[in-house]
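So here's one chain in two forms, each on its own in structure tokens, numbered structure 1 and structure 2.
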Structure 1
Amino acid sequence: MTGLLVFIVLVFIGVAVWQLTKIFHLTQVGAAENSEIANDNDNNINGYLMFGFLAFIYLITIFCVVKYGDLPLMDNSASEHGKDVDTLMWISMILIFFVQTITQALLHYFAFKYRGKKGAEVVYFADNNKLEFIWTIIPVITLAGLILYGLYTWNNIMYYDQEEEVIYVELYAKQFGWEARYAGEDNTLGKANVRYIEGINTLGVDLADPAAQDDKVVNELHLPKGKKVVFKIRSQDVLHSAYMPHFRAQMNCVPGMVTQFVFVPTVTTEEMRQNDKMIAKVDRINKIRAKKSAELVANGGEALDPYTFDYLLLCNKICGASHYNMQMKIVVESPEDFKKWLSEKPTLAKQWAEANAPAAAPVQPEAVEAVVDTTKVLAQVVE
């Protein structure tokens, strides 16, 4: 609310300045130099302002790099392919930074150098084949190189041999949450369709499919370190996007079809928590939370819990009002701990059978009385 009020005040100030400027111009009616045609002085001012704006661009760029340069996830990837993605991102950022720096300098320099001057003559070029060839072929070669490198990296990420040992996991998106399904001992996910959604079967698994009998549905994603995981991704309602930033993984979740992503986790949750850069980030977050907690407590509220790092599965599509709630915790652990965790989870078929088991017939009062009478008779016989 405060931000909205500040915005409204700034708008009113801007309108007021604009109106005052118009009034000032009206008071200059009849002045000798009152003309809408720019003179040499106007052109000189605009030329120097272009240099001033160029300096502003460079200064704000340097400030952002120094102040916020450690915030982007440009290193410490937690997947096998993450280094390739980071390398591609660094190449792209360096090229963009270099080209932006040079082109902006040339743009503002030429705007100053060729500013309007009284009596100056200009030459109009209809075309220049040499220049057009240069500024066309350079971007073509650069973009072709980036695209080919990107395709090569993408193919390496997504390829897996059908015969190699992989783990199949289904990620199921819906407004506004995630669920995961693991293939059981047969390492095959059972068929599923939204038409089968009923009761606890929230993923629409076809429980008549033999391959679905050992599938397990969970609300927390666990992954074994060093094992290749093949994600089968579905959506129940609208377009979502499965986004796991620390693993450099993202894939759209499209209603009516199954998409796929493959990667190998390389850093456990505990190992990432011990990373020096992650420790520094967590410490900075907790300092901010401590400051906010002091304000909340002063106003009669409850303090915020300290932040602890966890990998997260997020939705990277604005899918509705509670889009921000689409988070699932990811735990990367040793293969032994993963197997132990998964073995303790019940199968969906077992949960379904228990949830739909016929209720036991209620005991009739007459039967209870008959049992009591028989007990009394037996007691008398014994005596």
Structure 2
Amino acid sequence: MTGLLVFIVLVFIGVAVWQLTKIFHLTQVGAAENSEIANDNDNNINGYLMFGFLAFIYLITIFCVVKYGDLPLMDNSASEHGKDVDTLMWISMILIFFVQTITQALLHYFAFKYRGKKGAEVVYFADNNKLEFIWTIIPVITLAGLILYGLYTWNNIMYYDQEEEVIYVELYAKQFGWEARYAGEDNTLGKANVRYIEGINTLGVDLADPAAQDDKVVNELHLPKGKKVVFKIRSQDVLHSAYMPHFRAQMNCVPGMVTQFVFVPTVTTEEMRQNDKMIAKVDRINKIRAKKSAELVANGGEALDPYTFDYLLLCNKICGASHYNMQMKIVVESPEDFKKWLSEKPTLAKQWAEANAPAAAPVQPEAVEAVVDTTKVLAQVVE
């Protein structure tokens, strides 16, 4: 069936091409020469088409801005630094649209205006230092501004004062899911390495480390509003990327090293759900889902759940077959609620002790081999 459809579409396209070719041919009537080099007639048609194409570029721009203009995440950021990011984005966008509008107009208008005509006057204009200087210096000044502003915000985002009061949270990525670890009372994350992974200790926390005793591992990320959160990011297998678009935050997860990103969440999940724009967006999505559900039910399937807004952590670095479905819910709440939620979670040490209760003493994980034994490696190769 699809094969037939594809065939029909191809036939239609073929007919369309043939018709278009005919139109071009009909316009050639009366042209004396019959060569494959553009004549005045071709120049005329294509000149007008160039002008039309300018209109097309503007139209598709306007269409996209009107129809999809509310998709971009350029306001409503849920983090402190996000506002700076959005401001810079707006400035850059306006600049880009301005330059785009002008240059495309010049390009296509000239292509239309100076379309070839036999014996047309041409100005021999090969060089002009003043002009070259102007369009070198204008980008220089504009870019200097953008670079300075960009670097200022970049440094604000990337560096934080060690003296500040912060909360340490570890984000842990693996194929194909996320876990998070809170530092607990001492606000220090215990040491960890994939070589400690065993049973429920899925993050490879070194349970012998005193700092690890109060660490808590969870599957849903909760963040307190208004507190600076320092994410220590790890991966257990391949590269992943911790992407939290609503917070304008992203950092890769690299096996073998700990990466870092810092931000202050400023809007709770509940507040974001009450936001007018968000309500409109959720409504729109639910309309789409309702339509899809009706289709599914008609075909004997199950209806989709209605959508409610939640912040999300997505994987944004190709990491394997199920890369497209590697997510974790993020809940931003008041510091009190956050404290309450966290205090109800058991520590990893406790969970570990419970899980290994029959054993007399907590199992000491094997020591890490610091240096790889080369003979072993060779042996593996030989195998």
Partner chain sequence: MSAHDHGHHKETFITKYIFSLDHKMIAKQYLITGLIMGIIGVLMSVLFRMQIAWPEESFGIFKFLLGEKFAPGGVMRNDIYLALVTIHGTIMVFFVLTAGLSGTFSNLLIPLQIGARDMASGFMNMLSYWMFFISSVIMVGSLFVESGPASAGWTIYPPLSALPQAIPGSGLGMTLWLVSMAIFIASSLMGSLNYVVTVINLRTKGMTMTRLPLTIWAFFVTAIIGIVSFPVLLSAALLLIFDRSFGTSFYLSDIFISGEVLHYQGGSPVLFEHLFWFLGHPEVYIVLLPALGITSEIIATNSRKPIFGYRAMVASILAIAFLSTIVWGHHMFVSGMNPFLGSVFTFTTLLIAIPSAVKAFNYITTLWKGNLQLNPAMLFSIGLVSTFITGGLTGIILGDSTLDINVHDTYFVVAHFHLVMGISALYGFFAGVYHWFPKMFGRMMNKTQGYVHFWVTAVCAYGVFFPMHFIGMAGLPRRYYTNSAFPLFDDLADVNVLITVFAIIGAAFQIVFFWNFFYSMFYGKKATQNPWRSNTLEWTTPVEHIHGNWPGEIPEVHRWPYDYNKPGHDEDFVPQIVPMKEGEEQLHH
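Computed from a predicted model, the values in this text were never measured in an experiment. Throughout, residue numbering runs from 1 along the sequence of structure 1. We call the rigid core the largest set of C-alpha positions that still match within 1.5 Å between the two forms.
Among the two displayed forms of the chain, which is the form predicted together with its partner chain? Here the form predicted together with its partner chain corresponds to structure 2.
Threshold 2 Å Cα movement between structures 1 and 2 at residue 119, rigid core reference: Moves: yes, 2 Å or greater.
When the two forms are laid on each other by their rigid core, does residue 128 show a Cα shift of 2 Å or more between structures 1 and 2? Comparing the forms between structures 1 and 2, which are aligned on their rigid core, residue 128 does shift its C-alpha by 2 Å or more.
Using a rigid core alignment, state whether the CA of residue 351 is displaced by 2 Å or more between structures 1 and 2. Shift at residue 351: below 2 Å after core fit.
With both forms put on the same core, how far apart in Å are the CA positions of residue 161 between structures 1 and 2? The alpha-carbon displacement, core-superposed, is 2.6 Å.
Superpose the two forms on the rigid core, then give the C-alpha shift of residue 16 between structures 1 and 2 in Å. In the core superposition between structures 1 and 2, the C-alpha of residue 16 moves 9.4 Å.
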